[in-house]
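A lone chain, given as C-alpha cells: the form predicted alone.
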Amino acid sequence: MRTAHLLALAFALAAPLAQGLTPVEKPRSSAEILEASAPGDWRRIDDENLMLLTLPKGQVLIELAPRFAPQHVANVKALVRERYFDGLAVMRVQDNYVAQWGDADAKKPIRSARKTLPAEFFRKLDDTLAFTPLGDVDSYGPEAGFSMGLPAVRDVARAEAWLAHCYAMVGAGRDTAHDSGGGPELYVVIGHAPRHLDRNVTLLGRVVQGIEQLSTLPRGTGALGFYEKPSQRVAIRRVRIAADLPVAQRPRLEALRTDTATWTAFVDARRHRREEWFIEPTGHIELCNVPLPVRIPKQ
C-alpha cells in the first residue's frame, strides 16, 4: 500500500513536467511585477495637484493631497499662484529629520492666500475614502495602509483617517498653536520616519520625484538644523502648479494604483524578499518601507 501511494505521488509531480510546466512557479521580484503590469494598473498624476519646486541644481515634484488636507492644499496653490515662494529659500536641513523652506526673514507679504488655517491633522473616515490595508501591524495606529498612493492610517472605532510621516512626505510647518500653520512654511521628511508627528502636523502631499534635491543638501549647523548664515540658504528659483504651465512643459508621470492586484503583489514581494541575495526573507514590512512606484508613461 505504501509503495502504491509513493508511485501516485511521483506521477502527480511528473504530470506538469510532462506537459511542459513547472510544478511551482518561480516567485517574481518587485521589479518583474512592475514590468509585467498592465496600463490600467497606473494612474496619471493630476496636473492640478502636481507642484514643481525648482532649486539651483534641479527640480522637486510634489503630489498634493486634497482629500486629506483640502484647505491647506488650496492655500498652498494660492501661495504658488501669487508667486509667494519664488525667491525664498530652504532655510533648515536637519539631519535624519526634515528639510524646510519658506520666508526665513518673515518679510514677504502674503496677498491672496491665508497665513494660517485650522489644523487638518486627520479627516473623517467615510465611504468616499479609498483605503488599501497593508496587513502588517503598525505601531502608531490601528490599521496602516494606502490611500491614493499615500501612506495612511485609519481608526474605524473613531471614524478617522490620517497620513503618516514617511520619507518624502510634505507637511505645513506650524508654531505651538495647532492652528498656526497654513502652508507658507513647508517641510519634507528626509530621514527615518518621524511617526510621532502623525496627527500633530498637517501633511498635505508627497515628493514623487527629485527628493535627492532636498535630502542631499548640506546640514544646518544651527539649532534644529537651521542655517546660521543667510549665505548658506538654498534659493528657491520658482514654484509652479503643473496645470499652469504650457502642456509641453508639464511633467508626465504615472503612479502605481494602490487598489490593484499588481500593487498587492508588489507589496508582497517587498515583504517576502525572495531575490537571490537575501538570506532571510523577513515576512514583514513597515508602512514607511513600501515605496510608491512612479514612472514616465509608456508611449
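Just so we're clear, the structure is a prediction, and the values are computed from it rather than from any experiment. Residues carry their position along the shown sequence, with the first being 1.
Below, we turn to the form predicted in complex with a further copy of the same chain, even though it does not appear here.
Proximity to a further copy of the same chain in the model of the complex, taken as a non-hydrogen atom within 4.5 angstroms, holds for one residue of V137, A74, I110, A159, which is V137. Picking from 175-183, 100-108, 124-132, 82-90 the stretch near a further copy of the same chain in the model of the complex, with a 4.5 Å limit on heavy atoms, gives 175-183.
Using a 4.5 angstroms limit between non-hydrogen atoms, E228 is distant from a further copy of the same chain in the model of the complex.
Contact annotation for V208: none of its heavy atoms lies within 4.5 Å of a further copy of the same chain in the model of the complex. Among heavy atoms of L217, some come within 4.5 Å of a further copy of the same chain in the model of the complex.
Within this chain, N96 lines the site of a further copy of the same chain in the model of the complex, having a heavy atom no more than 4.5 Å away. With contact defined as any non-hydrogen atom lying within 4.5 angstroms of a further copy of the same chain in the model of the complex, the contacting residues in 279-298 are I279, E280, T282, H284, I285, E286, C288, N289, given in sequence order.
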